[in-house]
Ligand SMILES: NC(=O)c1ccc[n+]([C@@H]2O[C@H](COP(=O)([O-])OP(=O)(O)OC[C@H]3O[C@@H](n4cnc5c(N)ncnc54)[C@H](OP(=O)(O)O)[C@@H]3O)[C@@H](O)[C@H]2O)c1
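The chain below stands alone and is given as structure tokens, in the form predicted alone.
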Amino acid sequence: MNLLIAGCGDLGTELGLRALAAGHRVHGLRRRAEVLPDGFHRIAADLGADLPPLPADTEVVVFTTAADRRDVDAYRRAYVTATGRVLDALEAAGATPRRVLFTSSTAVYGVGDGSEVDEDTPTGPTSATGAVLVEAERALWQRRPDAVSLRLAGVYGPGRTRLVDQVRDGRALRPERGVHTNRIHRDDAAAALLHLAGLPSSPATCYLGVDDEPAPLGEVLAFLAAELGLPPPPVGEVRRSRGGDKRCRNARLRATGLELTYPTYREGYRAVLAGEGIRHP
């Protein structure tokens, strides 16, 4: 498989490393391509500007772009403009990828009552950036009706330790009511992308990229505190500007045969803490 990863940052690099280990050819497209690991065919480019020639033999293209700021303009550049430019450049090169994968977000759902969400739940984002992601998906499907959107929940893992840092620094608060969170370890997100890229039959056009267990935020914070040898964070009023309150189901993704290394936050965060050299009690 000849794989092109557009916006090859942390998640894209992990995807590329897994693809290389599986014997595939990997092109990584990013502004500072020199930082990509050995084995990558590095393509230096700003996705918001004119792109250099792209490989004509690209079989699979995966968009793992990320906005550099959390505002509408940055999101539109990263998810709408950049996607269109890469597809234009592939067309100009005469490339006809058999599969196009796009990383989106569960922020496209505006659910806030703790109910279950799956791929058939209507989108209705409550944030302007979530609305841009819906716009980007629709624009992609207009050009490639067979494109696959993997809607990721909160990605955590090496270097993605926001909740751990909040608990360790004493800044975490357990919500007064049971607000749910959804997450996926970075390594499982990368594994899901490679798995979907390699499916022999046509996949669905949308999957939720989450682990097996949506959980109350307070439960996750208390678990992290216990692993760090700290008392549970205090209960207080928590304003949720992102994420709402929903329980995302991954049944469709699991039905493709994907196995998760970290099926719940417990296994995932223990691996993160072990990587930081922290012993568990």
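A residue's number is simply how far along the shown sequence it sits, counting from 1. Because the structure is a prediction, the values reported are computed rather than measured.
This next part talks about the form predicted in complex with the named molecule, which is not shown.
Asks: Quick one: from Val167, Val148, Ala190, Leu152, grab the residue that has a heavy atom within 4.5 Å of the named molecule in the predicted bound form.
Replies: Spelling it out, the residue with a heavy atom inside the cut-off is Leu152.
Asks: So which stretch, 168-176, 111-119, 98-106, 134-142, is the one near the named molecule in the predicted bound form (non-hydrogen atoms, 4.5 Å)?
Replies: Result for this chain: 98-106.
Asks: Looking at the partner-bound form in the predicted bound form, is Gly12 within 4.5 Å of the named molecule by any heavy atom?
Replies: Yes - in the predicted bound form, heavy atoms of Gly12 and the named molecule come within 4.5 Å of each other.
Asks: Even though the named molecule is not shown here, does Tyr207 get within 4.5 Å of it in the predicted bound form, heavy atoms only?
Replies: No, Tyr207 sits far enough from the named molecule in the predicted bound form that none of its heavy atoms falls within 4.5 Å.
Asks: Could you tell me if Arg30 has a non-hydrogen atom within 4.5 Å of the named molecule in the predicted bound form?
Replies: Result yes; Arg30 sits at the interface with the named molecule in the predicted bound form.
Asks: How about Leu47: is it within 4.5 Å of the named molecule in the predicted bound form, going by heavy atoms?
Replies: It does: once the named molecule is placed as it appears in the predicted bound form, Leu47 has a heavy atom within 4.5 Å of it.
Asks: Note that the named molecule is not shown here; using its position in the predicted bound form, name the residues of 186-224 with a heavy atom within 4.5 Å of it, in sequence order.
Replies: Stretch hits: zero.
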